[in-house]
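The chain below stands alone and is given as structure tokens, in the form predicted on its own.
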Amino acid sequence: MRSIVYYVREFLRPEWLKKFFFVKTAPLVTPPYFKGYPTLTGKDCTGCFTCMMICPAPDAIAVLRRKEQWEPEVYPGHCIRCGLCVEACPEGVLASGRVTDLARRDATAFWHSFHLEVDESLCMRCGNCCVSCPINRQIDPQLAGTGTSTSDEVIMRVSSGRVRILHEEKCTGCKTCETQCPSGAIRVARMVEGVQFLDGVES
């Protein structure tokens, strides 16, 4: 009981109460390097979905079709303001703070690609990943009907009793193969690489 009285007296000291109720903090000033939420610049979006593919925050950005044109939609509740979508957009559709100015000055950019990996110990060789892949079906329209593909241009196909990755560079990162795999044997990983252009040459 004595200890409680001691703490109450400490908390109710006039100097402490004055500081607690009348303290003044410095005004909030947004620094010039601050990355705000991405905004539209007015340039035409081509619907390449690069911003969606590179975004590390689920459901933070979506590219929607509106009035016969594509337009990115940013959701502040999910966006972490990393600026990757701004730097990755090849058309300069998005802006955020000084991100684009600095990238243009330093001739830097972010490129992304996707890596496909099949766990042979889990794979059942059912071919669901190959058939469900929208790029595979676009390249080989007969794939959906036959379940197999003989084309060497598809991203992946079942060959010699296993799923073989042929053209990983064509993957758009939609993860349809991953979600349609009944055993969770295939994974799509996003790879992000920072590049700088010196005299127009990538380094």
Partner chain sequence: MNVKDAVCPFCGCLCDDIEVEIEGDRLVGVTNACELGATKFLGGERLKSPIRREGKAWKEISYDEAIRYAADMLLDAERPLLYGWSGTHGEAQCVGVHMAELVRGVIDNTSSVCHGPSVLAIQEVGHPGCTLGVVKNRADLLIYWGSNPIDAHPRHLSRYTCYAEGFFLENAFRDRKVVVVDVRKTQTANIADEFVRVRPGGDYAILSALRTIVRGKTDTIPRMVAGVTRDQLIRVADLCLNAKFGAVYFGLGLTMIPGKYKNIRNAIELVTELNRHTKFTISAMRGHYNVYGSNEVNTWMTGYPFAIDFSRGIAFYNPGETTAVDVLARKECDAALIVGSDPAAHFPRRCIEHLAEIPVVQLDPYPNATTAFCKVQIPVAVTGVDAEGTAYRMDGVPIRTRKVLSSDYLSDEEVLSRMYALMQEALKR
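Model, not experiment: these values are computed from the prediction. Numbering follows the first chain given and starts at 1.
Another form exists, predicted in complex with its partner chain; not displayed. Remarks below refer to it.
Contact annotation for the candidate site: S132, S149 and T176 all lie close to its partner chain in the predicted bound form (heavy atom within 4.5 Å). S159 belongs to the set of residues with a heavy atom inside 4.5 Å of its partner chain in the predicted bound form. Interface membership of K43, defined by any non-hydrogen atom within 4.5 Å of its partner chain in the predicted bound form, is ruled out. Contact check for R137: a heavy atom falls within 4.5 Å of its partner chain in the predicted bound form. Proximity of L102 to its partner chain in the predicted bound form falls outside the 4.5 Å heavy atom cutoff. Taking M52, I165, C48, A57 one by one, only a single residue has any non-hydrogen atom within 4.5 Å of its partner chain in the predicted bound form, and it is M52. Along 116-130, a non-hydrogen atom within 4.5 Å of its partner chain in the predicted bound form is carried by M124, R125, C126, G127, N128, in order along the sequence.
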